[in-house]
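Quick heads-up: it's one chain on its own, the form predicted on its own, in structure tokens.
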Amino acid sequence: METITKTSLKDKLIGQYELAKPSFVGDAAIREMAINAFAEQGLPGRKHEEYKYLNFELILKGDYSFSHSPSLAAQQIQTLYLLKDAYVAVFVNGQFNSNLSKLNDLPKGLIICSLPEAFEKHKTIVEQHYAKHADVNADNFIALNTALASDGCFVHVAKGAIIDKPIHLLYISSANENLILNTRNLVVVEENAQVKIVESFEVKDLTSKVVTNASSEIVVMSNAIVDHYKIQNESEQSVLVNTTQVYQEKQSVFSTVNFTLNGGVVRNNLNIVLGGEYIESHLNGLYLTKNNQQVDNHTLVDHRMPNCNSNELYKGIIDDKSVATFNGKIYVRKDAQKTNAFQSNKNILLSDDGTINTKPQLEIYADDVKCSHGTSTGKLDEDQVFYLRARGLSEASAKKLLMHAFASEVVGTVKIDELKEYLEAEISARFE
């Protein structure tokens, strides 16, 4: 195993690209464009407006390796299979693991495979969409991921196919040395198809820092329905940068719910483009922070066409010295008349040392729209705590009940009962 040591992390990453070019996925010209974009942009620091609350030059300080393949058995990760009845693709340190995956008997109209296999067997579909929606010039980490991604998942749902069982993409970090991982996903859901996708980020036997730069492109074609869930439950040694780029065509419905339960540093970039008429987009998120965690959520909803609706609700509970950030932007273009767009961010501070930075934004160039945004931050209502205590609850139980009620609005949007039960148990244990 080779560890690259140079003067800066930016140079290490560029050096890794030059060293291992043949192992990366994607068109060579696209990868060259991506590494050049990263060389120009570098890693974002405090002076970068979109990343000003996260100093990645400091967060990523140190030496890293770029590959590590631990030997994990199925019985070691039983608790990480969140759903009993699902199609499961498992990735250990960013690499597809067929032995741990559960992809037997896929129904007609569904393809799930590793990204390198997809480039080999489904090249026409992949090349039509890969790196076409995530712009390497728009974000430093998109550029880095496009250049250095060596594996990931390809999901294709054929026209008219309705997939009854959820698809679970399970990413496991397991290492005893510092790692940087770049994993890439491509999901294409064709016309009139329906699917539920769960992504979960977990750790197993992790004793060192693992930096995961994950990027997903999701294409939702006309009249398709996609329910998307993301569970982030790593350790305080984990750094996760997660970018999800969604493109929707006319009359499609895309719903996404993001749960950040654990992780040292978590940055979520969610960008949705409404590229046709009569589209619905639903964005929900819940983040629970403690100790010295840093969780940063950035969303962009780009309304390009008329008669579309988007609804966004993110909630956070911030404890100890942790820091949470929400920056949500609704962009309504000139042609996007009859747009309905709503955005809300609500937070509870449990500690005087906790910090929340919230910045909802509207940028509107159409004149016949209904758009609103709002934010609120405060502590638990002492009157409500007193009311519950007067009815026999302890102070701890009263606060726990109020936090559950606060979180339930987001948890209630989950349409998979087994996943909802898992989340309620995890959140309950966290409030203890």
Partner chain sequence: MLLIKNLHASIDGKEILRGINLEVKAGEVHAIMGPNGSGKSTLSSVLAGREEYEVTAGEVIFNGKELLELSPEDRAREGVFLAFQYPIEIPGVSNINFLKTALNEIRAYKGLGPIEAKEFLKLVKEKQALVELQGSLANRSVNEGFSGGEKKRNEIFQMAMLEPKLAILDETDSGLDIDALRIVANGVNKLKSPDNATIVITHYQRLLDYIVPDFVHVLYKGQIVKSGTKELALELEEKGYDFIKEEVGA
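Because the structure is a prediction, the values reported are computed rather than measured. Residue numbers count along the first chain shown, from 1.
Another form, the form predicted together with the partner chain, is not on view; read the next lines as being about it.
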- Option touching the partner chain, based on a heavy atom within 4.5 Å in the predicted bound form, out of D63, D383, D368, E32: D383
- Item | Single option in E40, E363, E395, E49 placed near the partner chain in the predicted bound form, where near means a heavy atom within 4.5 Å | E395
- Is R389 one of the residues lying within 4.5 Å of the partner chain in the predicted bound form, judged by heavy atom distances? yes
- Using 4.5 Å between non-hydrogen atoms, is T413 touching the partner chain in the predicted bound form? no
- Is A405 close enough to the partner chain in the predicted bound form to count, meaning some heavy atom within 4.5 Å? yes
- Message: Within 4.5 Å, heavy atoms only: does L401 come near the partner chain in the predicted bound form?
- Response: yes
